[in-house]
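So this first bit is one chain, no partners, the form predicted alone, shown in C-alpha cells.
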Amino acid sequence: MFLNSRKLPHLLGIDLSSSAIKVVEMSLSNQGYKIEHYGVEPLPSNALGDKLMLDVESTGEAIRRAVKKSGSRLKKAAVAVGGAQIITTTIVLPGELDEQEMNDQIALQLDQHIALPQEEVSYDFEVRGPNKSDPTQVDVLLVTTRREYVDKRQAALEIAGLTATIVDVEAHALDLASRLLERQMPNQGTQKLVAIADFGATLTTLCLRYDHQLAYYRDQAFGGKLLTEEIMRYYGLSFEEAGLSKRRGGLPSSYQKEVLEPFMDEMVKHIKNFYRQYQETNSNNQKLDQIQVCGGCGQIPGVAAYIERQIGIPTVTANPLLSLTLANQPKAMHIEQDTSTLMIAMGLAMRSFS
C-alpha cells in the first residue's frame, strides 16, 4: 500500500470511479461482515478521466456528498489507485532478507526499474514466493505509481473533511472483497482457479484467485462508458439520455442484437485475453473453474449467461451479499441494486480488519 498506517483504525472505503463516488462502512463481528452505511454520488464528467484526477475540488465535494448520503460518521478513509497509474514489475531478492531489509534494497534499486526520479514515486512490494531458478532467492512484486496520484487523493479527501489513512491498489482491494464471493465459488474456492472481472465505467479490473490467494491481476482500459457512447451514436441521443436508457430500458428492439451483444462480445474478449496472458506467464496450465462478473456492466441482464456460452466456463454475477448482513440503513437504500458495483469500496473498507 502506497500509504498505510500500521495500526489501522475503523476505515471508510471510498472507490473513486470515473462515473461515481462509492462509499462503504463495514463492521466485523463473530457473525461476519456487516455493511453499516453506504452511499453513491455521481461524479462530474470532468473530475476524473481514466482514473486520473483532473479536478481535485469537485472530486472532494462529490466525496463529501457521498459520505453525507451514507450517514457514516467515520473520518479516516481508504482509497485506491489503478489503471495506467500503476506500474508493476517482478524483481528477485535474497530470500533471507526481512521486510525492512527488502525495503532498503528496493529503495536502492528503484532507479533501475522506473523512469522517474525517486522523489516523484510511491511504491510498495509483495513477496510472491521462491524464485524457480534459484530457491535461495524470492520473486518480489514491485508496484509503483506517481506520488502526485497519491497526493491528489489525499487532497480530495481533505476537502471532504476526511483523512486518507490508506492509499491502496484497486486490484488488491478487489481481491480482498472477493473473500465475500467464496460461497458462490466451486468448492468455496479451495483448490479452484476463479476469475473476478470488475467492469467499471472506463476501467476493467481482473483478478485471478487460486485456493483463496491472489494469483494474477491486470487492469484494462475498457468499460460501460463505451456502451453508453455506442447508444448515443446508434440512436442519436445525448450522453445523459443514453445513460438513462441503458439503465432504465425502453430502447428499440434492435438494441439487443445491434448494440448490446457486440459490447458483450468485447467483454468476452477482455476476459479471454486476460486468461491467455496468465497462461503465458505461468507454466502450470491450471484450468479456469469459474468466472464472476461485477461492476456496472455486471448488472446487464443476462450478461453472465452470455459470457458462459461464449467462453464455455461457468459464469455468475458476483453477489457479496451472500456473505454479508446489512444494517437497517443500507436496506432502506436498496443496496441489492448497487451491490455488484461496490466491490472495490467494500475491499477498501475491509482494510480496517486486515
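Throughout, we count residues from 1 along the sequence that is shown. This one's a predicted model, so the numbers in the text were calculated from it and none came from an experiment.
Below, we turn to the form predicted together with a small molecule, even though it does not appear here.
**Student:** Is Lys225 part of the interface with the small molecule in the predicted bound form - any heavy atom within 4.5 Å?
**Tutor:** Because a heavy atom of Lys225 falls inside 4.5 Å of the small molecule in the predicted bound form, the answer is yes.
**Student:** Against the small molecule in the predicted bound form, would Gly82 count as a contact residue? Criterion: heavy atoms within 4.5 Å.
**Tutor:** No, no contact at 4.5 Å.
**Student:** Although the partner isn't part of this model, could you tell me whether Thr202 comes within 4.5 Å of the small molecule in the predicted bound form, counting any heavy atom of the residue?
**Tutor:** It does: once the small molecule is placed as it appears in the predicted bound form, Thr202 has a heavy atom within 4.5 Å of it.
**Student:** My question is simply whether Gly295 lines the interface with the small molecule in the predicted bound form - judged by any non-hydrogen atom within 4.5 Å.
**Tutor:** Within the cut-off, so yes.
**Student:** Pick the stretch from 244-252, 206-214, 184-192, 105-113 whose residues have a heavy atom within 4.5 Å of the small molecule in the predicted bound form.
**Tutor:** This holds for exactly one stretch, 244-252.
**Student:** State the residue from Gln310, Gln286, Ser27, Gln299 whose non-hydrogen atoms include one within 4.5 Å of the small molecule in the predicted bound form.
**Tutor:** Selected option: Gln299.
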